[in-house]
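Coming up is one lone chain in structure tokens, specifically the form predicted alone.
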């Protein structure tokens, strides 16, 4: 398996730390088969109306952010409508800083296709005019990242 030039265990550890700091549950698994099995178990336990499973294009270590890029509106809705969003992220796709994904995003724009790009850091959060915080109003109540090591 070819790792990205910026891949290192420190970057992965920082992603996990920052993701957990914004209330994202992270589970590390050995490979793609284990990631698919865990995602299927979560879907079976809660049902597809409550859980959306999405593959992540990139992870940003500095913020614990998952970057979802898709041409499919159904995938986009899976990040917003279910109570729980499960992201499958390959460890090799984690970059240290936001600026490190610029070449990837430029390449996506160059092909001329319409696509949706979302940067998601933890469960949906919002507040009203009185600064009363609410979770899950404009997106999931819970975010779970399945971090695929191999």
Partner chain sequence: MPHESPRSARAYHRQIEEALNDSFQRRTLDKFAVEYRASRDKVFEEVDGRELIRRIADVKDAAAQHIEELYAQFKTEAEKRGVVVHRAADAAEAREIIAKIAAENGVKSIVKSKCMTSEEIGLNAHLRAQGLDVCETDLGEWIIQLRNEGPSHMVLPAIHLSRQQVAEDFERVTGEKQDREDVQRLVKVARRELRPKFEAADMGISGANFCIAETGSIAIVTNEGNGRLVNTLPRVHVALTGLDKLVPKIDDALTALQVLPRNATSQRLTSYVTFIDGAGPCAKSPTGRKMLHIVLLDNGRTKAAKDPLFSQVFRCVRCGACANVCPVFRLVGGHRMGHVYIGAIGLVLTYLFHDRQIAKTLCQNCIGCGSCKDICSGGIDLPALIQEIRARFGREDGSPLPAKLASLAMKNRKLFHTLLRFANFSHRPFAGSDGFVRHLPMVLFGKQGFKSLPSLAKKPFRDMWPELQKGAGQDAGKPKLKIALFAGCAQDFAYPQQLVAAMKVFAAAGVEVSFPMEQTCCGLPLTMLGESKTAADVARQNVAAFAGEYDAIVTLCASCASHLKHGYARLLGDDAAAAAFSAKVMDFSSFVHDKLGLDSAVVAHGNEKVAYHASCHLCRELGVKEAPRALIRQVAEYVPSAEEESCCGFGGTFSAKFPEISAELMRKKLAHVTESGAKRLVLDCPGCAMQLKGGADKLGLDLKVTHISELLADNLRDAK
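Numbering follows the first chain given and starts at 1. Rigid core: the largest C-alpha set superposing within 1.5 Å between the two forms. What you see is a predicted model, and the numbers here were worked out from it, not measured in a lab.
The same protein also exists as the form predicted in complex with the partner chain; that form is not shown, yet it is the one meant from here on.
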query: Partner contact for residue 130 in the predicted bound form: the partner chain, 4.5 angstroms, heavy atom; finding: yes
query: is_contact(residue 101, the partner chain) in the predicted bound form, heavy atom dist at most 4.5 Å; finding: yes
query: Interface membership of residue 27, the partner chain in the predicted bound form, 4.5 Å heavy atom rule; finding: no
query: Contact test in the predicted bound form: residue 123 vs the partner chain, heavy atoms, 4.5 Å; finding: yes
query: Residues in 45-62 close to the partner chain in the predicted bound form, defined by a heavy atom within 4.5 Å, in order; finding: 62
query: Rigid-core frame, C-alpha of residue 21, shift of 2 angstroms or more between this form and the one not shown; finding: no
query: C-alpha of residue 106 off by 2 Å or more between this form and the one not shown on rigid core; finding: no
